[in-house]
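Here you get one chain, nothing else, as structure tokens; it is the form predicted alone.
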Amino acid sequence: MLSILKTRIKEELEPRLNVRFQAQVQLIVEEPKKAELGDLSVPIFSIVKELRKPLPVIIDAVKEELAKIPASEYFASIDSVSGFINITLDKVMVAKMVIEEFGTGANYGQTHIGDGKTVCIDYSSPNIAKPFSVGHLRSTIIGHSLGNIMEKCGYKVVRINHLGDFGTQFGKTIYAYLNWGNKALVEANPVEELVKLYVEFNEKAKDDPSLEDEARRIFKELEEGNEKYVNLWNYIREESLKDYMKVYKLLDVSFDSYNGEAFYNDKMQAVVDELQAKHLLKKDQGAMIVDLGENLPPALIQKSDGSTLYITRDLAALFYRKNTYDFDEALYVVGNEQKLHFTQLQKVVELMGYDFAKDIHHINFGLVLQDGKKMSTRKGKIVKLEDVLEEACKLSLDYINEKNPELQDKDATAEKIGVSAVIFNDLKNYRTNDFEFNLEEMVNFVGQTGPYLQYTSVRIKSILDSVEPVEVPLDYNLFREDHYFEIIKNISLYEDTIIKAKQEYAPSVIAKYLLNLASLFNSFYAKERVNVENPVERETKIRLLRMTREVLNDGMRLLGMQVILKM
């Protein structure tokens, strides 16, 4: 594993250089920007600057000491280019190390950077009384994948669905329902009819602004516990959750908490009182604010009518989570457009004197676009995620019927392929980027898609099932061939890839890694026949393929995809 070698080189080389130069030398061991330069690289410029000695002198000394360290048994050559010392590894030695480290594959890539630590991840969080749209897709699957990745790193993960179940929009929905809603239609199809009422309210309010005042009044009374409004709100929440559970079941996503904004309604006053006691609250045109300095607009804590805002509830939720779970990190998987909100939230916590402000991270992401535009419930333009997932499953079933009509459990397999295709298409994009939603491209079995990864795993399984394994030594000399070594080297990078994905909060790091691994395997298979007569060569190939499939499957699991046995 390259991560092990990097650590060994640093730990073994630094003390030797410290003695040689009578100074504290800090080394970086990385991978070269260009693969043809070698496998590992040690930049020299910082050492030259620190020791104030000529570059050739430092390079010669580092190369000389590198050749003496125990880890040098894995080196094939040591070269220097433009201020970098590049190490080419002995392919046979590295292959032995990786295969021994891999073992049976159980827990391969598992790291311990999160051992004993807890992370709360706030994600998905749809607004009740509205359909679960494609617009909610990114938060849901990015958050779910990050939870899987952090569990792989040893963290205890608390998955929180902070439902949007409070706010003036419910005043609008309730007003519309009470004034022109059809009870029978709503009971027959709750979420769809409620969103129609919400859209209609906004249309009517354009001509009659007083409706907005009525909505605010209803919401204020809802906050204060008006029984009629609370009962209606409870009904809306319950029916919305029933609708959302269909989508979560398809995505195989679950949560530890469904406490939404309303749960914190009775916990906000304590936050306001603390802000007041710490002399952070100021009155501004009747509203209560926290001044965040010159670089940020003030945080609006209470409106002039006494009603609260998102930031007040988010503060209450944050303190509740800290007290309940004692988190080491609090992640909010929310769109780019909320950057200011979470910057303000973090600043308020900092001003309140809590050092865990630094542990709050906004995991921002871009938009899912339709015809180049953001989807909007307000204007009635919405694509339901459940419909999209079902269409993806249908397209996958059409493919199966064309290519393998005799396949058993076709519907279940098509569901796994279709849903995983949608998941992977999102996660292969770096999270901060916007992307256009194109279902036919997602479900394609060729190219950088989820089905391509699943097919590669199935293909490897089919090969392995056709070959009888035998207990013989492996021929490590085969790994001197580039197409063998590139796969084993890629497998050795799996743990580093997981750590990088965690550090960047970016599942796309794993998605791109899996695409590369699948491509390396398919290139290998185009050159090599696995079921050869020589049992040593055959067993060596079997071992390499088995390792490749184990990593592919585990990586797909981390992304939230389903592993397929036949397709």
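Don't overthink the numbering: it's just position in the shown sequence, from 1. Treat the numbers as computed from the prediction; the structure is a model and nothing was measured.
Just so you know, the form predicted in complex with a small molecule exists too; it's not on screen, but the next bit is about it.
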Can all three of Y310, V334 and Q338 be found with a heavy atom no more than 4.5 Å from the small molecule in the predicted complex?
yes
Indicate whether the small molecule has at least one heavy atom within 4.5 Å of a heavy atom of H136 in the predicted complex.
yes
Are any of the heavy atoms in G164 no more than 4.5 Å from a heavy atom of the small molecule in the predicted complex?
yes
Find out whether any non-hydrogen atom of F342 is located within 4.5 angstroms of the small molecule in the predicted complex, and reply yes or no.
yes
My question is simply whether D122 lines the interface with the small molecule in the predicted complex - judged by any non-hydrogen atom within 4.5 Å.
yes
Looking at T449, T111, N127, Q302, which is the one with a non-hydrogen atom within 4.5 Å of the small molecule in the predicted complex?
N127
Within 4.5 angstroms, counting heavy atoms, which one of the listed stretches 191-199, 156-164, 478-486, 413-421 is next to the small molecule in the predicted complex?
156-164
